[in-house]
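Below you'll find only one chain, the form predicted on its own, shown as structure tokens.
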């Protein structure tokens, strides 16, 4: 009998459903093999192999968007749910990984560090994020989440010769372990409550999201379930950097290598919101009377804290980290609005897409302005950037303008869609806080642009020594093309959304 059960379970494993993830895992192993078999002078081909192979996987996924999943449905005995949203997030994470690998070729060239292992870890984390965004069971959810987290433990402290990178890795390890403990405790409480078969809807398979929702529907106001939901939301809030669980962000973002900071700021945040949408809109939907107040308080505090704390920052990595906290607050408003306005989910996907374009444009410029000391990236280092490297300055202005929500850039459309959804959902107090946050953010975003475009008074004018500015990295052809694509797409997506906009409106 046990053998028959195992055979039945194995028969339900639809391996074709996770083809992109398997291809990424095989590609990660291939990179390690290539390092062993290729002569040292050919090791420079390994990053190019990783980037080109991911582009091929992404194109295959894009051209088979509708046929690459049999959904909405489940696979692997209910562990995985295959949806169009999950397919979109697969593409999203692949695009993030491609740009992270591209930034890695710039930043790793300034360091005496192993190269191949960096790309290997990026691929593994990307595959885990893709599975995380499609999880339908707390076992897969937790395993995929911890795979992502453990990978980031290594990447954050990758520049091990830098004390700030090691410090960032230690802080991320401690805070990540704490958040995982809180999350796991919440899952245990939910399992204990929903696994009680004496209660309506109780089932030994209560770790399954669909079964858990049935239990929550049949047992409104259950204390253990309520406590578990709050703890799970707290654990997810750590991952997206929402107040009061954002304390790790400035130090970790500053100490981590610039490509890793970009990976954390965009892909990790998107994975957190993918999970948050799955939990709030599907699993915890019967308890929205508890979820909405908790998320509303967190969203308002997150927007205000992120924007106000960024005002005083001079290190651009800390600034972009704290501004990312505020963006998490705007996205949380979309999550709350999705309870009453279905188009809010599409608005979230559009916002994340605009955020991807703008953020990687900014991080691409940061990678070229930074010197060997990656953590030391100050606003003063951008002096005369428009005069010396006008291309980088233009990309920086477009990226920061989009993050600030300046029309007609894609970031403006993303904020507009979120705000319209919040207005339709009647979230007027949160909408007022969000608008105030946008106004505040203009100060520090335009302060960064001002540093790059307008000459400032120098300490040498008063006879004081001038701080050393690191030499800027020349922009190679591949990176120049990538940054151009990011900047141009940010502009075009602000003017015309096309088929992507139509798909968003049908979510």
Partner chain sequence: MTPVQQALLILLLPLASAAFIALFLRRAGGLASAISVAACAGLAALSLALVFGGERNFPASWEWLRLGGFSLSLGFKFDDLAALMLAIVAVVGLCVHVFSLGYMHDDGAKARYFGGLSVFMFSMLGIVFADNLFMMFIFWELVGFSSYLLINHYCEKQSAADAAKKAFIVNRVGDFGFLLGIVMCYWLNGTVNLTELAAHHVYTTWVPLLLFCGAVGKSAQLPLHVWLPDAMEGPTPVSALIHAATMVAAGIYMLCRIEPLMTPQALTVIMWTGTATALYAALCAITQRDIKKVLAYSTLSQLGYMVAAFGLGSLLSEQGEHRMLVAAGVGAAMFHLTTHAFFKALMFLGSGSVIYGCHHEQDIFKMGGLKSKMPLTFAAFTIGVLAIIGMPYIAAGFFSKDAILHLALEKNTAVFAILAFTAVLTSFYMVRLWILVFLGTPRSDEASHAHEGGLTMKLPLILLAVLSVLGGYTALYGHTFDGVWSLIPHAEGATILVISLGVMIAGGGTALMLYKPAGSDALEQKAPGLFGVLVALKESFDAVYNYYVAKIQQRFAILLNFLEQVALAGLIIRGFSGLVGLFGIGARALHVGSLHAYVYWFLIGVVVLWAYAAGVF
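Values in this document were obtained by computation on a predicted structure and should not be read as measured data. Residue numbers count along the first chain shown, from 1.
Below, we refer to the form predicted in complex with the partner chain, which is not included among the displayed structures.
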Identify, from the list 144, 375, 274, 322, the residue with a heavy atom within 4.5 Å of the partner chain in the predicted bound form.
-> 322
Go through 191, 305, 339, 412 and name the one with a heavy atom inside 4.5 Å of the partner chain in the predicted bound form.
-> 305
Only one of 156-164, 233-241, 73-81, 261-269 sits within 4.5 Å of the partner chain in the predicted bound form by heavy atom distance, namely 233-241
With the partner left out of view, is residue 293 within 4.5 angstroms of the partner chain in the predicted bound form by any non-hydrogen atom?
-> yes
Would you please decide whether residue 175 lies within 4.5 angstroms of the partner chain in the predicted bound form, comparing each non-hydrogen atom pair?
-> yes
Wondering, does residue 279 line up within 4.5 Å of the partner chain in the predicted bound form on heavy atoms?
-> no
For residue 197, is any heavy atom within 4.5 Å of the partner chain in the predicted bound form, or not?
-> no
Every residue in 15, 120 and 254 with a non-hydrogen atom within 4.5 Å of the partner chain in the predicted bound form?
-> no
Output the sequence-ordered list of residues from 219-256 with at least one heavy atom within 4.5 Å of the partner chain in the predicted bound form.
-> 223, 226, 227, 230, 231, 234, 238, 244, 245, 246, 247, 248, 250, 251
